[in-house]
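Given next, in structure tokens, is a single chain: the form predicted on its own.
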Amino acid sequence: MSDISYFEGNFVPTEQANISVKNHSFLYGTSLFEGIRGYWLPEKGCASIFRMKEHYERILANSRIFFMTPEASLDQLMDLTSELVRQNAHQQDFYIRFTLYKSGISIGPFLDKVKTDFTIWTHPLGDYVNTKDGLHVTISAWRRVDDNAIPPCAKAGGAYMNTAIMITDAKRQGFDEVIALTQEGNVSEGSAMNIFLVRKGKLVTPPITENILEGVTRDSIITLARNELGLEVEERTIDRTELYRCEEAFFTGTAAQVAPITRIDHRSVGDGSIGKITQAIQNLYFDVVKGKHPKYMDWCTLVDLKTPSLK
């Protein structure tokens, strides 16, 4: 089976989807991206793209910050993505990467004077991090990039050097993942995922003003926790020491999904095992993304891989 990407206006074999070494986004990191999860539903014989609309709404909103709005509409981007999934026909869980980038050949880190293009590709993907056994994480010595520097509400390619240096140092020290703090020392998020704590039976997560990505999965978890599990959810500033005192903790994200945290800086979270609330949230989330919860089927875009291609 050939691997197809959508690249600058056409569906092409992925090996032909190439940019120049003089490309502006390569030279200056002038790109934005979205990662979207797709799931294979064998009982339905189709693929499901989870909350695709919300992902594209987010990047279209963020594109205005960087003078990077594409000519394609929201509906067109969703149709192109569904068609690409149909053509690649992954009969397993997969990942979709949409990238907006400055494609011009231009010297100088301008944003408003350089052409914007976009590309979409897919790739098989299981667990990005261990979602079964519990992660051992550390608090990074590096601070999360600030909204007044490179806005972390947008997935800007160049800003991921901040993520890369955090996670590289953490893994070289033997940890699974990392938690970033803001310049003020408050809890922000993981290397590339949001974070939740359980404190006195309540679900607690940093607000969007703490230099976090406004996560689609984060929003899903808040909705499911309140509506299906009856949990109280607080979006508030979290001090570093709360990480050591909480009963449970977990990461959320498109790639990470719901990933339990059982140790932070060599301290056990709670009793050191995956907590009951975390497990309930994870089970519910996986049922929803796999199309097993009728109430939330509008979050799932089903793609029939047998439908004739539109190309």
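A residue's number is simply how far along the shown sequence it sits, counting from 1. In this text, all values refer to a predicted model and were calculated from it rather than measured experimentally.
Omitted here: the form predicted together with a small molecule. The next part is about that form.
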{"query": "Interface membership of Val85, the small molecule in the model of the complex, 4.5 Å heavy atom rule", "finding": "no"}
{"query": "4.5 angstroms heavy atom contact with the small molecule in the model of the complex for Leu100", "finding": "no"}
{"query": "Glu177 within 4.5 Å of the small molecule in the model of the complex, heavy atoms", "finding": "no"}
{"query": "Close approach of His136 to the small molecule in the model of the complex, 4.5 Å, heavy atom", "finding": "no"}
{"query": "Interface stretch in the model of the complex with the small molecule - options 61-69, 24-32, 248-256, 272-280, non-hydrogen atom within 4.5 Å", "finding": "248-256"}
{"query": "Position in contact with the small molecule when the complex is considered in the model of the complex, options Thr122, Ser191, Thr81, Ser140, heavy atoms within 4.5 Å", "finding": "Ser191"}
{"query": "Selected contact from Gly215, Gly104, Gly157, Pro206, since only one has a non-hydrogen atom within 4.5 angstroms of the small molecule in the model of the complex", "finding": "Gly215"}
